[in-house]
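Just one chain follows, in the form predicted alone, and it is written as structure tokens.
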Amino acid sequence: MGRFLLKRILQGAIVVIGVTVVVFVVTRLIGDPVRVMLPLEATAEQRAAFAAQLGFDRPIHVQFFDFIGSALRFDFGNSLWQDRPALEIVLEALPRTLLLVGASMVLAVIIAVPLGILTSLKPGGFLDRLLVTLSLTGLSMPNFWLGLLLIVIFGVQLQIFPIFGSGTLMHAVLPAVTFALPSAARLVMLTRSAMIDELNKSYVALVKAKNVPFRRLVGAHAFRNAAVPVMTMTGWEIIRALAGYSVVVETVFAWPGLGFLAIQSITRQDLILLQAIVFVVALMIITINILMDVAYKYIDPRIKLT
């Protein structure tokens, strides 16, 4: 286990550095923060002085090596937009994104796993067809459209939940549901498929022959073996949310998390803040992948970590 963790941590560090380097190169090629930060009437001398102050007048390779050295110290410099340490701004927004993603994934699992198990018990039955249809409908809904629909129904017409911002748990309900429903739809389909496969295996007939209670057969035997792909999909849903879908959902609801912060940093061409966001998100994704690999071992001891 120790060698495995060390190997994965080293691999993760390489991936994080690689992603950060790509973002550095891309942002330097497509952005001109000096033009964005200064007013249109700024003179050429003022622009040159501002570029020198930020260090953007130096050769790109000098900026690159300075950036790598600073990133290894977790020092990305001050945000061009807020004139505060970029990492500090990112760490302030991070808990709100983690709250939203965590709540949505818990909700998705609570909805999906029981329904997936239930549909697998009588494949082709009325309930199975109904839930499969609803799941496919959920899969067809874009996040931004679902979020706007929830805003219109529960925020504008019924006025039950706040429709933008944060501050209370009520503010998190609509964006969490927007995250959760498509994820739950995918998890229902996967749980159903995995459980049908397990229930058709020979060991299930052997367990039945021993007069094991049906609930124990389903929960302690079949679902335990089906839990690995379900957990894999759950981890993938968390990664999808952190890596992209948080941008859409947080923008729709003006939720001040990492996704909304990323859009603001792109709009203002705050390259320093954007680099810090990508670094932190990449670090979280690598951490989640490592934790998922370790969890596999505890769920299914037959899995060998190499």
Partner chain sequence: MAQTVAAPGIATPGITRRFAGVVGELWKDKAGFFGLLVMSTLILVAIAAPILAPHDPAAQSLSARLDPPFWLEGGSLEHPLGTDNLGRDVLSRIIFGSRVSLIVGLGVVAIAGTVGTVLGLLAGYNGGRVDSLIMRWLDTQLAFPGLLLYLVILSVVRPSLLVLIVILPINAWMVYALLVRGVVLSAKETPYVEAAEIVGARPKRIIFRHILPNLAAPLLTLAVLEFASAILAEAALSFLGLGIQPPEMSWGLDVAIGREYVFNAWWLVTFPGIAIALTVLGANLFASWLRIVADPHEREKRFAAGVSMTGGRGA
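In this text, all values refer to a predicted model and were calculated from it rather than measured experimentally. Positions refer to the first chain, counted from 1.
We do not show the form predicted together with its partner chain, though everything after this point is about it.
Residues of just one listed stretch (203-211, 67-75, 130-138, 99-107) have heavy atoms within 4.5 Å of its partner chain in the predicted complex: 130-138.
Residue contact with its partner chain in the predicted complex: I285 places a heavy atom within 4.5 Å of it. Contact check for A243: a heavy atom falls within 4.5 Å of its partner chain in the predicted complex.
Contact check for L38: no non-hydrogen atom falls within 4.5 Å of its partner chain in the predicted complex. Although the partner is absent here, V19 sits close enough that one of its heavy atoms falls within 4.5 Å of its partner chain in the predicted complex. Site residues V26, L148 and I163 are all in contact with its partner chain in the predicted complex, judged by any heavy atom within 4.5 Å. The partner is absent here; in the predicted complex, the one residue of I263, I60, A48, A42 having a heavy atom within 4.5 Å of its partner chain is I263.
Contacts with its partner chain in the predicted complex, taken as any heavy atom within 4.5 Å, map within 274-290 to L274, V278, V281, A282, I285, N289.
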